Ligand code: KIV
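Encoded as structure tokens, the following chain is the form predicted alone, with no partner shown.
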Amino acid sequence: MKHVTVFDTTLRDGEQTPGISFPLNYKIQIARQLDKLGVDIIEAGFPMASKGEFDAVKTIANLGLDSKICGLSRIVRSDIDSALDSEVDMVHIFISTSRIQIEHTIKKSRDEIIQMAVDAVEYIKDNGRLCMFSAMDATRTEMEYLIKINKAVENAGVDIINVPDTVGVITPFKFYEIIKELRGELKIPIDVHCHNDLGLAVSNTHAAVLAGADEVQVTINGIGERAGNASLAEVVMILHSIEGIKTNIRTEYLVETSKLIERMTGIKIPPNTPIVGDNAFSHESGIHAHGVIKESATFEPGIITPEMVGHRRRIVIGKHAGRHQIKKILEDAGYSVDEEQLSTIVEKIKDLGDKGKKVTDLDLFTIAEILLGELKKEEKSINVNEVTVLTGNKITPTAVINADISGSRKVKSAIGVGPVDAALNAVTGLVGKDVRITEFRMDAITGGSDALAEVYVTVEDDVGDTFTARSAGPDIIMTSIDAVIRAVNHIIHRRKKNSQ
């Protein structure tokens, strides 16, 4: 059974995502998480880029992680020395080899480029470090020259060859042929680095492994230069579940790692993102949900389960929902309805959906309670008494919330990137680590400066169960707080109901 090693470049190429710059404490957290995930090699950065980058790479190299640490370097002695001084396990050197890049950037002869590469490899190996060589823009390099330079560095003692699709222009079939030919010429391991300019980074990486590549370069969430790199989660799960090819990745931490990078970059993962997106194992269609409730493999890949990647399956309410899934959601929440009542509830849910509304759990349960005659004055475990928000120029947005929680008075303050964020941080702080906001959306439902805002939230509890709620009002801060409080109150109410 084939085994492929995983080289993660989130901290190097991932940080080249426009607008992204990780402070040192973030880099340390990310490195530790990648180590926990089981990444074989972490490319920690480009030590020569700046003093801060050098310090960060050296710090990560001395964390005592199981993963090997790599530093990037041009084929320049000062760059290489900087990488060596940063105490990395591996130095990753690169130089342009395509005609267009040679003519317009380095302006060296091809023989000079080969000699520079060989000299760099020998110098790194003389210093007792592992060495990776990249012929930059390999997929636009003439095959004869690509083989020639790679064989030259192989003879010089390089440990691994990287074949980068630097500008993301190769297709899977063509990349397969390139790797297959190189595999026949080289004895040392081959690594691949694919960019996603045409949306083919994952497919190209997959094809390369089938052609004989031994290692894959990836990033968390596919972040990176321009359109990004191959996504670690997608590449690994294709190899594991379809090809039966093993890696050292502990897949149960994929979603956890993805969420960490989402928070630290501020780049929201689209809900339809494969493997790690919120909708990856979510079902709204009645036909799909009915099948999944009976047997998950009916409308899921089957070869991947949510538990394998650290996810959870969700049955979502909406106008496409069917009787079976609505009945299942109600039963899980402790509501018992007969077939006639169920028909009425389904009809009302579909009416809401037809009006363009995103149906929340609170909508469903309120409809059910009205129909069952169980709707009483809303039981509130949390009652907000007072909210104070401070914001302005050169002032860190701060919120203070005074509330009664299960009969006890509590006051909580928090800061945020804006007044709404600060207020919501204070709300979740009031209830401790039991809940967190996983989705927040705000829309204006009337025009003008006094427009009514509608806020939609998803709140997750400590066991991974989620609850959705909405609120509307002219004050966006109070409306946001109200929506979250409604969700949290219903989670607490549902727990009490189920325990009874």
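Each residue number is its position in the shown sequence, starting from 1. This is a predicted model, so every value here is computed, not measured.
Omitted here: the form predicted together with this ligand. The next part is about that form.
A residue is said to contact a partner when one of its heavy atoms sits within 4.5 Å of a partner heavy atom; residue 72 meets this definition for this ligand in the model of the complex. Among residues of the shown chain, residue 206 is not one whose heavy atoms approach this ligand to within 4.5 Å in the model of the complex.
Within this chain, residue 164 lines the site of this ligand in the model of the complex, having a heavy atom no more than 4.5 Å away. Heavy atoms of residue 134 reach within 4.5 Å of this ligand in the model of the complex, making it an interface residue. In plain terms, the part of the chain that comes close to this ligand in the model of the complex, with a heavy atom within 4.5 Å, is 90 to 98 out of 248 to 256, 90 to 98, 397 to 405, 169 to 177.
Although this ligand is not shown here, in the model of the complex the stretch 184 to 220 places heavy atoms of 193, 195 within 4.5 Å of it, in sequence order.
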